[in-house]
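As a starting point, one isolated chain is supplied in structure tokens, in the form predicted on its own.
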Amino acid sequence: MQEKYDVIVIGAGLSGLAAGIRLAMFGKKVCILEKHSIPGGLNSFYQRKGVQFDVGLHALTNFAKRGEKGLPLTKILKQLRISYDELDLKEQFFSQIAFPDLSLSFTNELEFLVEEINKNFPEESDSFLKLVEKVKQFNAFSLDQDFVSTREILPQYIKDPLLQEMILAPTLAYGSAWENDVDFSQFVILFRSIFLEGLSKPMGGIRKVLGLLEKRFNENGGILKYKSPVKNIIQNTKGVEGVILKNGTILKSDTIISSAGFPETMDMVEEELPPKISPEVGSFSFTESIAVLNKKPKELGQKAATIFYSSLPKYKYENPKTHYGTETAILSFPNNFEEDPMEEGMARVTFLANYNLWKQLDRASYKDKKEEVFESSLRLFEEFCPKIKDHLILKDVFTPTTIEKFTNHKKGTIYGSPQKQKRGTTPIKGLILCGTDQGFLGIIGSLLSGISMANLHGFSPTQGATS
């Protein structure tokens, strides 16, 4: 007998789990299908030699203090019925935007960044405040807006080219699917999340967040099937009717919410009716080097939680012509938050990387190239945290092919297709997208995407979720 569900969710990442919780909370029979044995997708975890490694999580954006209302984090916690205390968030000390001749620091208080701009760009003080006001007033969550170039909007407020680049850098690095630019609505979301609300870290890392979500889904009667990769999405002339798993099992539903990505989801459709849709695959993948240390970075003189680095005065955010690009990077120091229960020190460097070149490497060359990436990362570490290599006890490197293998995202793409489907709809009735390709970014954005797509598409008009 075939299993029948009100909604099938593909992928137990953050957006998929959030969608599943929201639907199960209101009595829907929901099944989440996950190809791996643990949740997380692009934001997961693993362990080596007794050390826990987070994948994807540098910091949690959109920080909110206990009791603050109306902010994305508190709204999400209310929608998922997770208490603030369960997350156990600790604020960053500070972060930096580091360019060749100038660095700007920022904390979770906007006034700190305003003072930094007053000191370094005094002629832009009023202009920056006007930009902040524009960001606050802009409806970034409208589902009907087309792409608007941030590089065309910023000069209307900020005249200094260097300050333009420094403001853009974190918003590009933390979520843009477009080379050297970002959709203004997504810029607004990222600007708010990084500069107006700020960065924090849940004690216990991404495993803590995923554990809370999985627990809440199970408590609401949801069914989560691990090691259950989807082979095909089945449709008929009316729309979707279910999925076939790789083991041949057929699960029925006329509503499927997929967090697998727009191109990846359309590839699962068994017999796609014309016109066939071939969404553009995103350009951006990464290498990430992780250094485990016998000292904490702050003991070596570095207290920043995150550093958005550029070796050039114009931020270079494009698919590199070589295996990886060192002109820009994100440096992350997971110990540098208000409380640090980690026994070891840790530092991470993320470089943009060219998937096609990595894919061509043979086994021996691949191993050598990973070593080269780590050596490049160490040299960058040394610029911000001298003598870090003297305290190295364990290392790891992941590449675009690692990302592709464990997430199934084409070309190891992190920020998805530039063809965002803000309403989550596809050409096939009942087949809905959530996650990065729906258009929301980061950990908080992923949760918000899952919730909003469940609310928008998972209920009939007479039974919408309202609380």
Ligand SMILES: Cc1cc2nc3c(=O)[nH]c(=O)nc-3n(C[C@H](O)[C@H](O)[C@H](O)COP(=O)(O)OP(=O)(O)OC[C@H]3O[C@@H](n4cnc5c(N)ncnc54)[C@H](O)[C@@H]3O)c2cc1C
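The shown structure was predicted, so the numbers you read here are calculated from the model rather than taken from an experiment. Residue indices: 1-based, along the sequence shown.
Quick note: we don't show the form predicted in complex with the named molecule, though the next part is all about it.
Heavy atoms within 4.5 Å of the named molecule in the predicted complex are found in exactly one of 45-53, 32-40, 66-74, 418-426, that being 32-40. Contact annotation: L431 falls outside 4.5 Å of the named molecule in the predicted complex, judged by heavy atom distances. At the 4.5 Å threshold, heavy atoms of A24 stay clear of the named molecule in the predicted complex, well away from it. The shortest heavy atom separation between P341 and the named molecule in the predicted complex exceeds 4.5 Å.
The shortest heavy atom separation between P400 and the named molecule in the predicted complex exceeds 4.5 Å. Of the residues given (N108, N120, S228, S310), S228 alone sits with a heavy atom within 4.5 Å of the named molecule in the predicted complex. For the stretch 394-419, the set of residues having any non-hydrogen atom within 4.5 angstroms of the named molecule in the predicted complex comprises F398, F406, T407, N408, H409, I414, in sequence order.
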